[in-house]
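Take a look at this one chain, the form predicted on its own, written out in structure tokens.
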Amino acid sequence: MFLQKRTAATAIFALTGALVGSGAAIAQQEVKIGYALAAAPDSHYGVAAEKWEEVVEAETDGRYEFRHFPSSGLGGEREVIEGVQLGTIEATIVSSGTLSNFVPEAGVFDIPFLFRDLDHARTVLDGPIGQEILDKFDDAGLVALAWGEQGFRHITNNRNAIETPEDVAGLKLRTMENPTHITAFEALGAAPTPMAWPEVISALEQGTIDGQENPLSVITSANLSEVQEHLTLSGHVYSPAMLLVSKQLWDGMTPEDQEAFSKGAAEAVTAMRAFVDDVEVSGIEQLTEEGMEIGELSPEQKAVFQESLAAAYEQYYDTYGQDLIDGIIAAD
């Protein structure tokens, strides 16, 4: 199997060895793995991918050899997950943007103002609710090893500062291909525009869209201060990520290699979260120095936004079930 050019808005691992056969056969051969990063190598995705690689190589005596393809070298997200389903791409660290297209329940974590803070989000994702949703990916032809993290999402734009829902009305805002996000921004009167990440910078430069929304980890690593004037620390949505591998790869591994990949995924998540913790502080300082106009929604302002999303929440209850949503909100 040869490395194929694929789109990916996240870190991708694409295997370039023959993987069909028994785990014993794989255990006896060197397997070359190349991964691509839509973000820069020093982003949260790059940190996680390198940690995953480091652990796997150490645990398997270097039989899995990784090659790097950073900065969108292989391109967008949905096709990558489809490639993992087919086995033409063996593994990926992917944002939550299109996960609900494969497992609808995964979209529940993208509901606005669902999580109080990072500790609350991590508790839920690492607990029974998060594990139950990871397990559902098996039926989609995918092996979900762990929940990664991007942090809370914030809004950048070139039109105006944002303090009220009215400030969002009519804003042409790039979103991920995520129905939960799109529903929320439509309820606020914005014009959400799903777009693959590699297209975003040029669309902002050309004025095709006014802005976008992403965690600070993405805003900083993508140098969005060069093409965006306003940053609103809205924290409107917590943005998880996921570490996936293909069934073909997984089923062909020995139990020992499966354990190595699982251990690597767990340590990658730890590294990814540490990066997010750091950038939540350093990112604001960096973007201020780079000239962005930065505002932060107060708890009272967030409450007004929540009230404006009442109609969206009714749709979320219909889609995901009120018991599940209330259980997440109540989790300690």
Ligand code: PAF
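The structure presented is a predicted model; accordingly, all values stated were derived computationally and were not measured. So that there is no doubt, residue numbering starts at 1 and follows the sequence shown.
A second form of this protein, the form predicted together with the ligand, is not displayed here; the remarks below concern that form.
Asks: Among the candidate residues E90, E77, D210, D110, which is the single one with a non-hydrogen atom no more than 4.5 Å from the ligand in the predicted bound form?
Replies: Contact residue from the list: E77.
Asks: So which of T183, Q150, T220, T156 gets a non-hydrogen atom within 4.5 Å of the ligand in the predicted bound form?
Replies: By the 4.5 Å criterion, the partner-contacting residue is Q150.
Asks: Taking the ligand as it sits in the predicted bound form, is H236 near enough to touch it, meaning that at least one heavy atom pair lies within 4.5 angstroms?
Replies: Because no heavy atom of H236 falls inside 4.5 Å of the ligand in the predicted bound form, the answer is no.
Asks: Indicate whether S246 is a 4.5 Å heavy atom neighbour of the ligand in the predicted bound form.
Replies: No, S246 stays farther than 4.5 Å from the ligand in the predicted bound form.
Asks: Report yes if any heavy atom of F261 sits within 4.5 Å of a heavy atom of the ligand in the predicted bound form; otherwise report no.
Replies: No, F261 is distant from the partner.
Asks: Decide whether V168 counts as a contact residue for the ligand in the predicted bound form under a heavy atom distance cut-off of 4.5 Å.
Replies: Contact check for V168: no, nothing within 4.5 Å of the ligand in the predicted bound form.
Asks: Pick from 169-177, 225-233, 99-107, 127-135: which stretch has non-hydrogen atoms within 4.5 Å of the ligand in the predicted bound form?
Replies: Going through the listed ranges, the match is 169-177.
Asks: With the partner left out here, which residues of 194-208 have a non-hydrogen atom within 4.5 Å of the ligand in the predicted bound form?
Replies: Residue within 4.5 Å: W197, and no other.
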